[in-house]
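Here's a solo chain for you in structure tokens, the form predicted on its own.
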Amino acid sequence: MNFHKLKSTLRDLQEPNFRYKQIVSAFCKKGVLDYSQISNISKKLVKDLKERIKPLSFSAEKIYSANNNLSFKARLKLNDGELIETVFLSPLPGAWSACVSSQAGCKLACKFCATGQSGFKRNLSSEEITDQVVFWKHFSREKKLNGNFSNIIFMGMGEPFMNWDEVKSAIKQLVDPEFFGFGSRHISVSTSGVVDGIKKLANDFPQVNLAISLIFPEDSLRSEYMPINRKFNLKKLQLAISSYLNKTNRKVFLEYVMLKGINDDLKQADNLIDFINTIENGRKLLHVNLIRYNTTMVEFIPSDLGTVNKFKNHLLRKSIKTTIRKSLGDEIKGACGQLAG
């Protein structure tokens, strides 16, 4: 919802100031999407608002549900016709997370990512970003899902740091108690390695979580499959992470998607260990998430479980904090790297 427009509309309608807070609370805290469901406003105001302001900046084209009802994906049509996807999932019993998109498409063109291969359409506005949260609040309320919606993850379509002004504005609203009231530590931003953005996150939101899609701990491989590395190579990334850790003293997650025969042998594990060892406080504050590739492109195959475990154990023997990340949403093409709109 465009809350600036809501405020000016209520002013034009000569409504008292507290009416704005009532409506904001209903949408942001409760996920109400129908003005008529807000019990403390008049029928006339309901009619006036319906004529003037749409609750959401998009319409839902389709919602996909996993068989276990622990992950859902929504395909949303923006007002200009562009399509985005967003995911709602429960990684732990009683806890729900929204994986939101920050762009329609993506400029980075990572070869193994469906979003990157779909091309870039445009940046999303902060309203289009936060509306995804309102959408899932409403969805969880309507479906009576058990548990608490407590986490926001910027791991959907797009590179958040290439739309930082709008993402920053969205995060400000997400953590504002007058709007959504999420805790900063319940919000995560994932990047493919945009160094300038890592620095901005440390300055603007030092308590928000940072995840970095490292994937390849070797420049030649990383540049081949992730063109962003040609601008921000591993050395620049190491320096940015060191600076971030020194400023925030917060844990950083290194996302490592495991591709069979490409980055899953012990030589690459040693390269990853060397990468971490060059970063000040790296052993203390860096945590590796191993993720079996979620099939998108036919030329890539996920590493088998035995290889993933061997890789993990090699890292653990070298005292590198490592887990194999549970993957949700693969059956609805809603897992990491599968969103394409």
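Values in this document were obtained by computation on a predicted structure and should not be read as measured data. Note that residue numbering follows the sequence shown and begins at 1.
Below, we refer to the form predicted together with a small molecule, which is not included among the displayed structures.
Screening 287-295, 34-42, 303-311, 52-60 for residues having heavy atoms within 4.5 Å of the small molecule in the model of the complex returns a single hit, 287-295. Though the partner is left out of this view, Glu255 does reach within 4.5 Å of the small molecule in the model of the complex, counting heavy atoms only.
For the chain shown alone, Ser192 is a contact residue for the small molecule in the model of the complex, at least one non-hydrogen atom being within 4.5 angstroms.
At the 4.5 Å threshold, heavy atoms of Ala240 stay clear of the small molecule in the model of the complex, well away from it. Taking the partner from the other structure, the small molecule in the model of the complex has a heavy atom within 4.5 Å of a heavy atom of Phe112.
Contact with the small molecule in the model of the complex, defined as a heavy atom within 4.5 Å, holds for exactly one of Phe72, Tyr244, Phe182, Phe154, namely Phe154. Among the residues Asn263, Thr86, Ser213, Ser97, the one placing a heavy atom within 4.5 Å of the small molecule in the model of the complex is Ser213.
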